[in-house]
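Heads up, the chain below is alone and in the form predicted alone; it's given as structure tokens.
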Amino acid sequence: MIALRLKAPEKILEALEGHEKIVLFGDSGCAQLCDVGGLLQLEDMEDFLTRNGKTVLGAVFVEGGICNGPVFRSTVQEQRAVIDSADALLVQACGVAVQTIVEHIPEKEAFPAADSMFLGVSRGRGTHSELCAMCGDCILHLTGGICPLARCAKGILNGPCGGSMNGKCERDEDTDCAWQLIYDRLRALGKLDNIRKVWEMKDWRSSHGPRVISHHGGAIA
């Protein structure tokens, strides 16, 4: 999932300056899981904007996620009248959602109400941990399923750095050393030889965009 956090209230008002009639967007995917764009958060945003002199015409809540093209387009058609009446759209979801809305509703200006932070997993209500750097060249089969790029504070491929102590990162005592986790995992799997290899410098060309991935019949070409 994409971990999100709402922008500061003053940043949202600054972005909406000069726009009076607002339609909110949220969804049941990452936005709701991160308590950013669920139904309750849309209600809170409406209250906040109303107190600050804005008119909220309505909220468009997309079941299944704004990035789900067919569902999103169907929802927009259902809400077309209220969307057409808006001066601006405030999107309580990720950057992909904002750009999806701009692509499908180009006549309206859309503003992000949230910052997209990282790909991660929910550890509990309101707590999310970063797990994947979306590098485009996955090496989890070599590191026991633990990503050093995302989970090491320095993104070191041949670690550890030497600053860790008692299995913790030198950054803070609450962060596990990714390479200690990798070592322990590989030892449990009987694959410590993996950690003895020296890996070449990361080729970041595979992570540069813009990129398009096409799937045809589920076949691997």
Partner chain sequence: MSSIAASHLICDVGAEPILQLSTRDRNRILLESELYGAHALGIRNVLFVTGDHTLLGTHPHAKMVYDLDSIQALQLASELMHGRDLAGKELDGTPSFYLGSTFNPYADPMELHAWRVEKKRDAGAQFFQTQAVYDVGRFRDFMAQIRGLGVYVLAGIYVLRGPKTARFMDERVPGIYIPEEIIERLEKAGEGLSGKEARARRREEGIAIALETTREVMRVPGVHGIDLMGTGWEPHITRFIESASGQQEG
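As the structure is a computational prediction, the values presented were derived from the model and not from experiment. Positions refer to the first chain, counted from 1.
There is another form of this protein, the form predicted in complex with the partner chain, and it is not shown here; the text below is about that form.
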Original post:
Of the listed stretches (41-49, 28-36, 156-164, 62-70), which one has a non-hydrogen atom within 4.5 Å of the partner chain in the predicted bound form?
Top reply: 156-164
Original post:
Does Glu200 reach the partner chain in the predicted bound form if we count a contact as any heavy atom within 4.5 Å?
Top reply: yes
**OP:** Indicate whether the partner chain has at least one heavy atom within 4.5 Å of a heavy atom of Arg171 in the predicted bound form.
**Re:** yes
Subject >> All of Gln180, Tyr183 and Leu192 within 4.5 Å of the partner chain in the predicted bound form, heavy atom check >> reply: yes
